[in-house]
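What follows is a single chain, given as structure tokens, in the form predicted on its own.
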């Protein structure tokens, strides 16, 4: 039996991680998110803290161009990308699962039976959610969201040469603010 994978890309604060975990629980399959960091650290030799700090950072910064930092050769981020790619491909070969973030939709697009989802919500919903989940910070919730989404977009563009969040790159795009987090998970379960 071929493994079936659900990949979830998400805007910061939209609840994509929670939706992934709920969907996996409903389907009785594993969900990989922060667990990927542990595996990437183990495979790469970098510490988990280093992997977390380098998480979704493009070597080109916010430019996200595949040519921006290639003049001096591969970076640590490039090495981490290759390890991450290998870990995601190995997981897809090993078992059916849900994978949150890390360009898994792109990495698995030609090699696995995937359902790719993008989770988004309006700014007001995401601002309220990040304060309730992650607490207050010195930056406003809106600043935190813009910064994180900008990093994710640049990272995705750098390593995939495609646009993060564009509907045509995913099988389904769900507005968690309108549909609700639980219902988004149920929709993904039904589509599985």
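This structure is a prediction, so every number in the text was calculated from the model and none was measured. Numbering follows the first chain given and starts at 1.
Same protein, other form: the form predicted in complex with another copy of the chain, not shown, and the subject of what follows.
Note that among 44 to 52, 140 to 148, 30 to 38, 159 to 167, the stretch whose heavy atoms approach another copy of the chain to within 4.5 Å in the predicted complex is 159 to 167.
Although the partner is absent here, residue 24 sits far enough away that none of its heavy atoms falls within 4.5 Å of another copy of the chain in the predicted complex. Using a 4.5 angstroms threshold between heavy atoms, residue 182 stays clear of another copy of the chain in the predicted complex. In the predicted complex, at least one heavy atom of residue 120 sits within 4.5 Å of another copy of the chain. Contact check for residue 113: a heavy atom falls within 4.5 Å of another copy of the chain in the predicted complex. The candidate site formed by 85, 89 and 100 is entirely out of contact with another copy of the chain in the predicted complex, as no residue has a non-hydrogen atom within 4.5 angstroms of it. Residues from 173 to 191 that approach another copy of the chain in the predicted complex with a non-hydrogen atom closer than or equal to 4.5 Å are 173, 174, 175, 178, 179, 183, 187, 190, 191, in the order they occur in the chain.
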